[in-house]
Ligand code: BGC
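Here you get one chain, nothing else, as structure tokens; it is the form predicted alone.
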Amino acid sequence: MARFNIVTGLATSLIVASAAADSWPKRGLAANDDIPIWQFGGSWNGYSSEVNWQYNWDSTTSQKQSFAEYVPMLWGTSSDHTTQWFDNAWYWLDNGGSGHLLAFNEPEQSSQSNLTPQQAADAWRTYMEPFVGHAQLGAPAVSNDGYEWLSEFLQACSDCNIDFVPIHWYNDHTLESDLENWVNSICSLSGRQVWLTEFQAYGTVDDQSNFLRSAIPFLDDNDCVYRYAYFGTADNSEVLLENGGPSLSPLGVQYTFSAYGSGDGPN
């Protein structure tokens, strides 16, 4: 059993067990390699971790966890990403237990991978299509400003073998219904399963905790949603960790150990 240094007093300190735990949890971690994530496995007070996948916006990692599938990502089309892509992706598919691949981070934004829908479709055929039959393949991951971009990409890549659609969501903690509408709109647009690979509610720790009380059950119970990762184990957001880790924060405990379909964490 992993050991945790838990800070008590969070508003959502009591766990509520779901009637039946799902056999394939959806929760994951978007974690840079310098962020310690090993305590997100194991169990706490009799509740098993719901975290079973990880990614790091890169195509290889130095901190693969035994409890999680590592999912390589081709962040963008610059040579520092593409020159190592095939070697790394094949390594993790053949030797690392990976079964999924992610492509192109927020291409609709100039500060991110910055691709037009047509450029992304052309690159997807070059760098993702060769893995058809070897892995489940994700579309480019747009944030919640990217509906039109994604719609154009899916048209430009209508001949592509895309298995799932990753998306992001960032908004105020009072707008949980907006998250639900965003996810459902992409499910309807693409007709594919959705991965919510980044999402975060802006607000205090208690605000975010209350947000997760509603968001986690929605995501767990939505058949269109295959996986999700709260944004809290990245270099610019460590809200799931206590003082930079490795101990989990109360919010991290809530996210990790709330039973499937429940947004409440153990005390």
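Just count from 1 along the sequence shown to find any residue number. Quantities reported herein were computed from a predicted structural model and do not represent experimental measurements.
Below, we refer to the form predicted together with this ligand, which is not included among the displayed structures.
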Given 212-220, 45-53, 61-69, 228-236, the stretch touching this ligand in the predicted bound form at heavy atoms within 4.5 Å is 228-236
Contact of Q112 with this ligand in the predicted bound form (heavy atom, 4.5 Å): yes
Is W75 part of the interface with this ligand in the predicted bound form - any heavy atom within 4.5 Å? yes
Since only the chain is shown here, I'm wondering whether E242 would be in contact with this ligand in the predicted bound form (any heavy atom pair within 4.5 Å). no
So in the predicted bound form, does T197 come within 4.5 Å of this ligand, heavy atom to heavy atom? no
State yes only if every one of N32, W57 and N105 has a non-hydrogen atom within 4.5 Å of this ligand in the predicted bound form; otherwise state no. yes
